[in-house]
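This document starts with one chain, in the form predicted on its own, laid out as structure tokens.
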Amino acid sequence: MDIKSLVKTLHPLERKIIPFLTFCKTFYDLVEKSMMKDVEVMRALQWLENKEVLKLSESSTQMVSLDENGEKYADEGLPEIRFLKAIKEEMDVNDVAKKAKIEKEEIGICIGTLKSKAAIQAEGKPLKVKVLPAGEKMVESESLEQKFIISLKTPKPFDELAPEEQFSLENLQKRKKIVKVDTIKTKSYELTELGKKLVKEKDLDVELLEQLTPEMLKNNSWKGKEFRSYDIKINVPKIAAGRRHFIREAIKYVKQIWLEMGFEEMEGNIVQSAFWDLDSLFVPQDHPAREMQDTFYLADGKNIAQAKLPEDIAKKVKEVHEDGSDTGSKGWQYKWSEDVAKEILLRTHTTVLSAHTISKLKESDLPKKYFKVGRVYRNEALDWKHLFEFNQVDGIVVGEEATFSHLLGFLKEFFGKMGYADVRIRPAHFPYTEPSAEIEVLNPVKNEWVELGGCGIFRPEVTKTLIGKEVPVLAWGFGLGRILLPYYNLSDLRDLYKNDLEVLRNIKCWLK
């Protein structure tokens, strides 16, 4: 930009400060010389930096200066020295304090300090003090601390203190309000080549209109006038607009993916019975996941007895657990307990909604596709890759024509839209699916395979029990948090739920 064009963009504050740029070097110099408010000077400097007229910099310096008591002692002397000088032979301590004009709270400090330097002898009741030889020498020569205090009438940079001054500072800092060390931030600037040319420009006082008013339009006074050009690239305060939590944004996006693929959303309660959460999915009652260490149980013994189970399905679940019933399985070969199935818990997976959903399906309803994104709860030890409360994505496809290839196709489509181009599965084991597999995706940032969840086809022990006939049901479930971490450049699941306002304001939005 040439100088003439640049002048037309200058704000009145910039015009006012430019003449002082050549002989002032710091922000505070400009405030003093220009007689402008500090906020006006800072705005002008920032705007000029945007126009590449100058470069701003900031440095920090530790300055040592006198505090409230220090300013008093610089003129009157340290109280212990005044106390020492007031002693004539052996005197009552109160008489000495009165003579030296020592305040009551300073008497103990004086005695303690002088005794530590073997300058006085203090004994008897009432307490009497007497000057010792070391004290006589202190009277004759000015102490290091006193010299240091006097020198601080003009504050000094901490880095420039001599060794004896540093020693004095350490001693005086142990006492109340004598010296203080403050960090002083100094803002300075340096003119660029463009800036050096601008400060020599003589036509800075050109009259430019700042705004167009209704009155100017009515009386046509704007005609023939020149308006100031506005810099649309200038820094402006960032306004934090209202937005959804970034996890809610991601959940909305995930739901949209499944809806676009023709899936319906499942609904259901967070609080479930063990029957629906575990037993209906052919999870044995002695499975480790049922222990208190893995599951949050809510009910006591009285409430357990009040839980109701669907009689027809409960009977089938009991039979399939004990001997496999008519599914071709041997079951788990144990005595199934209705009381254990009635226990109330926080759902451990959203797959419980899949069990509810398929138990209500009729043959005329098929085929069907369902999904759910919802909170689940595990009694986990909290660390970077485990949470005790997190969002899980579940889905099922029910239909005679559903195959394992379809399952892989749905997963590849979903993860592709979540930013993962490569998806693979490997054999695994889950109590309610066969075949079972774990879902792995290639992390695009770290270029390594990461396990995100499980999938498979519901076993006959699940489908024949809940639907009444053996129908292929493709199923999957995975934690949403691990999918989101690479996108947000996070490595710890706990960071997803920190109430850090800066993170919530500045973290990028999910894909639209």
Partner chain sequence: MPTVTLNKKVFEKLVGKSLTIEELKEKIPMLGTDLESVDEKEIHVEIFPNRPDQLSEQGLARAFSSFIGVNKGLKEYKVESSGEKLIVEKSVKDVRPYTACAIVKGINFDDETIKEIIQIQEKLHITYGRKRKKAAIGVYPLEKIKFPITYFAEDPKKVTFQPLESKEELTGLQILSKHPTGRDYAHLLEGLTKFAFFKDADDNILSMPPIINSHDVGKISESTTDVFVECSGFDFVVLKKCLNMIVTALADMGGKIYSLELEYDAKEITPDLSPEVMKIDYDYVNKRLGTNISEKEINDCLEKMGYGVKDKNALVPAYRADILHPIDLVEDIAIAYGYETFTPIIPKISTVGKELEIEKFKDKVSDLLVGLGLLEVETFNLTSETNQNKMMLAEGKPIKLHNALNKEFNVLRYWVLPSLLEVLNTNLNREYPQNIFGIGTVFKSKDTDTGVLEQERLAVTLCSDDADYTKIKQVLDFLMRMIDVEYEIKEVENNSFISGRVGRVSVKGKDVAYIGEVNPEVLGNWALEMPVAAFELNLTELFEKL
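Note that this is a predicted model, so its numbers are computed, not measured. Positions refer to the first chain, counted from 1.
The same protein has a further form, the form predicted in complex with the partner chain, not shown here; the description that follows concerns it.
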statement: Picking from 346, 341, 281, 152, the single residue whose non-hydrogen atoms come within 4.5 angstroms of the partner chain in the predicted complex is 346
message: Within 4.5 Å, heavy atoms only, which of 460, 70, 477, 481 is in contact with the partner chain in the predicted complex?
response: 460
query: So in the predicted complex, does any heavy atom of residue 266 sit within 4.5 Å of the partner chain?
result: yes
- request: Check whether residue 508 has any heavy atom within 4.5 Å of a heavy atom of the partner chain in the predicted complex, and answer yes or no.
  value: no
- prompt: Is there a heavy atom of residue 143 lying 4.5 Å or less from a heavy atom of the partner chain in the predicted complex?
  reply: no
- prompt: Applying a 4.5 Å heavy atom distance criterion, does residue 319 contact the partner chain in the predicted complex?
  reply: no
- request: Tell me the stretch among 112-120, 245-253, 125-133, 99-107 that has any heavy atom within 4.5 angstroms of the partner chain in the predicted complex.
  value: 245-253
message: in the predicted complex, does every one of 50, 157 and 197 come within 4.5 Å of the partner chain, counting any heavy atom?
response: no
query: Going through 378-412 from first to last, which residues have a non-hydrogen atom within 4.5 Å of the partner chain in the predicted complex?
result: 379, 380, 381, 388, 389, 391, 400, 401, 402, 403, 404, 405, 406, 408, 409, 410, 412
